[in-house]
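Below: one protein chain in two forms, given as structure tokens, structure 1 then structure 2.
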Structure 1
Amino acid sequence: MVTIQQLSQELGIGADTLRVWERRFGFPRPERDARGHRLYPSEQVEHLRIIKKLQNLGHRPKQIFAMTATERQHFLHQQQKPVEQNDLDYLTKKLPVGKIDKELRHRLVQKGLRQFVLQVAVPLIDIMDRRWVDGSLSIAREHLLSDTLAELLKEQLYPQRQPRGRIVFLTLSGERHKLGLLLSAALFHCEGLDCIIIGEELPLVEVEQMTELHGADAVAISFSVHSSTRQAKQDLARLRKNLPERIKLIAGGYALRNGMYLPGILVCTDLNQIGDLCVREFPALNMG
């Protein structure tokens, strides 16, 4: 038996998400100790491990939980094809410059936006980072790849015909890394939300005005590996104090990777959790 905190750490599934799944889908089905705290048997842990793997492949919880445990295991076996590591590595280092945009667009059409983000963009960025560190990827080519991917993602954020919420995505002064923010925006867009990208870095004092200007229901901010965790927490606390209570504040990025609790702030550092966050925090998504 493991507690909800132990289960969350082992599988990388947020405790809040586990509670949402229990309420919405009837699984997992924890037992309770003498104090009423949730305890999870090993059999359910293994089932959740399969569910997490399917989610990482880009499948949504509603689809996953519609299957039986046996069906999920069989489906995972079908889905687990070898990662196209060599293919993406070739795209990163050797594909002619004039073909990069066309190749990324082809994969986007082939997979759809959600799975393009999770199965192409995320591993591609990881490969770019590793190749830059080992010296096999030039700064110029890394910038070209990043800029091409960023422009492609921005193009997908066309206004929703019947938006069920609007989020302004931005970075604060000093934070120049925006790819992670764009990946998040693309997935929020897939959930039916209007996503407004602010290209320029903003001073903290201007965030409220920008949010009101766009009539947003939420503001999302990213803090990359180059941000200080301590400073990120301070900025978020100040921003939460200044923003109207009705405006949701969503924060993510490497600097918040430990998933700390910040009062009044929705910390989301796992792209796979965005769907569940939307279900919880944007009730209009469940209507119609």
Structure 2
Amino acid sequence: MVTIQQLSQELGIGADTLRVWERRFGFPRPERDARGHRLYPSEQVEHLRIIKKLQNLGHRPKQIFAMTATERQHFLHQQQKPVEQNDLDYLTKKLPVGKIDKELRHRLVQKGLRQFVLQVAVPLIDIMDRRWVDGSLSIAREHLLSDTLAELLKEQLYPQRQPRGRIVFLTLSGERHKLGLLLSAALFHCEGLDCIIIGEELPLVEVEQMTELHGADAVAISFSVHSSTRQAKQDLARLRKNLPERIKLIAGGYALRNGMYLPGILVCTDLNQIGDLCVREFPALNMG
């Protein structure tokens, strides 16, 4: 028996949404305490878990709520793409906790940073994503994997001897997904650029200040799932106006996935574009 607030937190669904679902679709139908406040029995919580999973898979509430509980169960099983027999998969499930770091490091020295990012880190995050959707990856293990990977990548960003340029990486207020930032930073690093991870949730107004402080040639900003395309465009336009012209502005992330054109901004929708982008925008220094 949980309150609406607990449920909201646990599922990541707004309390308002839960109430409106009840009004519109007749589910969930919680019991009430003496004051008339909602109390959700654990049975309904489980149903909601399934509903959330289906929603994560891209289905819309109308479609989901049209089904009966058993139909939903069935549908979910049918929908879940099996995680391929990827050789990375055991990292997310079987491997004992203490060995994850060792294993990742082994692969890093084997492949080199660039290949490691593209062939190990990206697919691994993809698997984690899918497991998250179907609920087969615990939050705790997800944290552990993310943190280990993040730390490993961060270590690789040592300063270059003859940097082709210097980029500060950040996300704006409200964002946080360090891994995305680190992945792109690692690839820029491979191209000979100094990469500085500033941190997350930086207010718009402080970006310029930070650029100056670090003597950077460029700012790279990542927009995650949570920010709308419109908001991203707006923020970028404002930033471009405030930033000196010589500072390049690189933008990427889910919110910009459609690859629109924005004046004065280097939109980068794919990690594979980073190589080309560097060749174009950061001409190599003369060899001494």
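For residue numbers, the reference is structure 1: its sequence is counted from 1. This is a predicted model, so every value here is computed, not measured. Rigid core: the largest C-alpha set superposing within 1.5 Å between the two forms.
Comparing the two isolated chains, structure 1 is the one taken from the form predicted on its own; structure 2 is not.
For residue 50, a C-alpha deviation of 2 angstroms or more is recorded between the two structures after rigid-core alignment. Superposed on the core, the two forms barely differ at residue 246: its CA moves less than 2 Å between the two structures. For residue 237, a C-alpha deviation below 2 angstroms is recorded between the two structures after rigid-core alignment. For residue 25, the displacement of the CA atom between the two structures, after superposition on the rigid core, amounts to 59.1 Å.
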